[in-house]
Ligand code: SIN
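One chain comes next, on its own, written out as structure tokens in the form predicted alone.
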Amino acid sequence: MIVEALTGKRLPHGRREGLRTLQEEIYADSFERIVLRPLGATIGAEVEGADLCGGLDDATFAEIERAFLAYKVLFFRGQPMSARQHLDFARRFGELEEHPFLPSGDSEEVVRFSKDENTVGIENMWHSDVSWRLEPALGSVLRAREVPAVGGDTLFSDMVAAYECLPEDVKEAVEGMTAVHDFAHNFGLAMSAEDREKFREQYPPAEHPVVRTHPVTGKRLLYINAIFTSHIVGLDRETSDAVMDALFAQAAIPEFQCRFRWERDSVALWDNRSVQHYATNDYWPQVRVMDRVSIVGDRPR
């Protein structure tokens, strides 16, 4: 029944009716201090009228926070932030986390992605950051320090829309499923067995619902990704792989996506609970340097 519902038929083409209701909810809101220019049907907007370099009053931040929940990823251009300003802005959303496996930038809370002809980007798979944590990140703030002349865009996919547009029998089939997320599924591949076990003591495999509820908006969404999800609890390997492949594929549907072309001093703020992202690797051997700060989240429910 599970495999038949998920993989035994093609999901419908044509209009995706779940998008319309989500659009109506998003566009019903209005903003006085910022201007929003939507990039996708239900996800992504460029923000004008906000100075992230220390000039952000509480009223403007409140509108940014509201837009963040509605659009799930916000983009700001022309923000020559210092490392301190980057941290201060991210910290307004909550406590900051440190990443145990990625290189640091100007402080332990900053992850630096520095790519050139010798260090190639490998983030070009759809994923949700650190879903292997028991309490994955709430969101991230990524700023561009140096970008290629062409290429290096980042795509974001709306997992609320992906869930809403599933057929009802598929929603019923995945309801109540739990998936295992494991750092070893990705980061652990380059480790020795001894190091993997050492890190597993600190970061054990995490079980999260395949369909989680956003803790603020109450929206239901798919929470499963190809980089960090290893299997679905209670299913044999063949069935688990078939179900996961069908669900992974939802992130790649263009109707659920937006795409951002970076410029130097551009900033992206995304809700890691409700989106997946994909960093295109089409700029080698050019240089691309990005700094990311992530905010501690809660346990998916």
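From a predicted model like this one, the values you see are computed outputs, not experimental measurements. Note that residue numbering follows the sequence shown and begins at 1.
Separately, the form predicted together with succinic acid exists; it is not shown, and the next lines address it.
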If we take heavy atoms and a 4.5 Å cut-off, which stretch out of 270 to 278, 62 to 70, 26 to 34, 249 to 257 is in contact with succinic acid in the predicted complex? 270 to 278
Looking at succinic acid in the predicted complex, do all three of D129, R288 and R292 come within 4.5 Å of it through at least one heavy atom? yes
Counting only non-hydrogen atoms and a 4.5 angstroms cut-off, does L142 reach succinic acid in the predicted complex? yes
Can you work out whether E123 and succinic acid are in contact in the predicted complex, taking contact to mean some heavy atom pair no more than 4.5 Å apart? yes
Using a 4.5 angstroms cut-off on non-hydrogen atoms, would N225 count as touching succinic acid in the predicted complex? no
Although succinic acid is absent from this view, report whether T154 comes within 4.5 Å of it in the predicted complex, heavy atoms only. yes
